[in-house]
Each structure stands twice: as C-alpha cells, then as structure tokens.
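There is one chain below, alone, in structure tokens, taken in the form predicted on its own.
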C-alpha cells in the first residue's frame, strides 16, 4: 500500500511539473512587415519606431534568455512580392504576431491564413473585422480626407482638384476619394475631383506624368496617395506652379510654397500601443478600431511656418474653426 501511495505521489509530482512547464509562457517573437522601404516612408518609419519602443521597454531588466525577439522585414515597393514574403514569414512558424501597416494588407493576408491558421496579424492603417487572427486599427480617414479636400477647395482657383492614388482599394474608393471630394465641395460647390491611378506605390515618373496631364486640364490642387510615386507628383506640381495637399505626416518641408496642408496620423504612438497590448495579452482579436481627431491620433498641422506663409489667414481661420468643432464633438464627419 505504501509503495502504491509513494508511486502515486511521485506520479502526481511529475504530472504537476509537466503542467507547470506547459503553462510557462513561451518567449515572445514579433515580426514587423514593412510593405515598402523604411527610409522612403515616414509612415513605415513610425511603425517600426513604435514597435521597437514597446519591445525595448518590455526587455528592460530581463536577462538575454527571456528578452523578446524582434525582426523587421523591408519588403520593398513591388506589391507583387508582398504576398510571397508574408507567406515566408508565416512559414518560419516562429513569430507570435506579424505587425504591419497598409490598407491593402487585410485582403492580402486572409488567403495566407488558410495555410497558416495559427498566425496572428496586427494591421494599422487598415480595416478588417470578424477574423479571429487579425486586429486592425484605422485612422479616421473620413476626417483626414474631408479636411484635405476642404482646404483644397478654398485654395483652388480653377475649382478643379485631383486625387492621384497608387491603386484602388475599399478605403480609397469608399472613404478617401468621396470625402476628399465632399470636403472640396463644402468649401466651394463648384469643385470637381479628377481621380487617377498610378498602378503601384513606387513609380515617380508615372506620378509626374499623371500630374502633368491633370495640370494641363486645369487642375491646380492635387492630393497624392501613392507612396514613392508622390515624389513625382510633387516635382510636377512645383514645375506647373500648382498646389499639393499632403496625407499622414508633416510634408511642408518637401516643397515649401507648393504643399498647402498636412493631415497627420500618430502612427508611432499607435504602433507602440498595439505592440504593448499584444505583449500584455490584451489584443482584441477579430475587431476593427477607428481613431481620429478626438482620440488624438489624427491632426491637421496649423503651426508650421510654411503653412502660415502659404495659406491666407482667412482660410487658416476657417480650417482652425472646423478642426476645433470636430475635436469638441460639435461636428462629425461621416
């Protein structure tokens, strides 16, 4: 009887050790997928900075064996290569989460998840709800687009504006383009918007070619959302002496006197927040979150000297009033 009790006690002890080992949290490994080139994109630069800050904060005081691993992949500007490169990351089966930022990524990663059903993704500047492996955070591009169109409508002398996009995708077609137009018409009901597509996120020559073409048709304000191709749009705008409105970061220094506005998003702060949530185990998987001006993640630059110098005071006053009303909840852009 004593032998049986001893065996039972030893077996229970071994079993409990096994359970304790099983319950021990594994070392966390995070990958950042950059769908572009970090140095060419403030948005991707901020993405990487925020994730790194959260990881470094967590690693403080931990010994080397327990520190979180972080891997950053620059995928380049050829979108045809993004899918295979994400697939390769998933195939390594060592990253607990892949964090990235681009509106086109939810549609890209969903088919990949069929082959890797345990992989988790956190995608910023994107929207996808209902997939238990994906959490997205979208900046309020209704507000960004409307504000950008609003100042464009005031600044255009021809009442002809253009939006030059890298490609068509749901947020572009259903939010950015229509709300840019809506803002322009709110400033001046005669405003029209010419919508053009580059076909990729990198071709500056094609961006310049399209900008030249719309300038010849009388367009005098352009919103470029086309990655590296935007540099061609800016060059064309300078040459044609027309204006550019800018998205996602402070772009005034890129072409003083040509760029008339910058709507910015706090990508670094958000990428830090979502990484910290993941580390703490509180990521709301399957949900899509939107943040905007009231939450402090979208803003419109008003204090840059180039803005003050380029945009007349009466228009700056109207922009300040609208922004204050949105922040106070008196106006909702929808």
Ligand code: RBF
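Here the rigid core means the biggest group of C-alpha atoms that line up within 1.5 Å when the two forms are laid on top of each other. Numbering follows the first chain given and starts at 1. This is a predicted model, so every value here is computed, not measured.
Heads up, the form predicted in complex with riboflavin (RBF) isn't pictured, but that's what we're talking about next.
Can you confirm whether 127, 142 and 290, the three residues that make up this candidate site, all sit within 4.5 Å of riboflavin (RBF) in the predicted bound form, judged by heavy atoms?
No, because 127, 142 and 290 lack any heavy atom that approaches riboflavin (RBF) to within 4.5 Å in the predicted bound form.
If we define contact as a non-hydrogen atom of the residue within 4.5 angstroms of the partner, is residue 82 a contact of riboflavin (RBF) in the predicted bound form?
Yes - in the predicted bound form, heavy atoms of residue 82 and riboflavin (RBF) come within 4.5 Å of each other.
Examine residue 35 and determine whether its closest non-hydrogen atom to riboflavin (RBF) in the predicted bound form is within 4.5 angstroms.
Result yes; residue 35 sits at the interface with riboflavin (RBF) in the predicted bound form.
Taking riboflavin (RBF) as it sits in the predicted bound form, is residue 232 in contact with it (heavy atom to heavy atom, 4.5 Å or less)?
Result no; residue 232 lies far from riboflavin (RBF) in the predicted bound form.
Decide whether residue 133 counts as a contact residue for riboflavin (RBF) in the predicted bound form under a heavy atom distance cut-off of 4.5 Å.
No, no contact at 4.5 Å.
Answer range among 210-218, 148-156, 109-117, 166-174 for contact with riboflavin (RBF), defined in the predicted bound form as heavy atoms within 4.5 Å:
Partner-contacting stretch among the options: 166-174.
May I ask you to choose, among 270, 30, 54, 265, the residue with a heavy atom within 4.5 Å of riboflavin (RBF) in the predicted bound form?
Residue within 4.5 Å of the partner: 265.
Let me know the one among 243, 247, 95, 179 whose heavy atoms come within 4.5 Å of riboflavin (RBF) in the predicted bound form, would you?
Residue within 4.5 Å of the partner: 247.
Relative to riboflavin (RBF) in the predicted bound form, which residues of 102-125 have a heavy atom no more than 4.5 Å away?
Counting only heavy atoms within 4.5 Å of riboflavin (RBF) in the predicted bound form, the contacting residues of 102-125 are 102, 103, 104, 125.
Superposed on the rigid core, does the Cα of residue 168 end up 2 angstroms or more away between this form and the one not shown?
No, shifts by less than 2 Å.
C-alpha of residue 41 off by 2 Å or more between this form and the one not shown on rigid core
Shift at residue 41: 2 Å or more after core fit.
Given a CA distance change of at least 3 Å, are residue 228 and residue 39 closer or farther in the predicted bound form?
Nearer in the predicted bound form, by 3 Å or more.
Quick one: with a 3 Å or larger change, is the residue 203 to residue 39 CA distance smaller or larger in the predicted bound form? Answer closer or farther.
Here the pair is farther apart than in the predicted bound form; there, closer.
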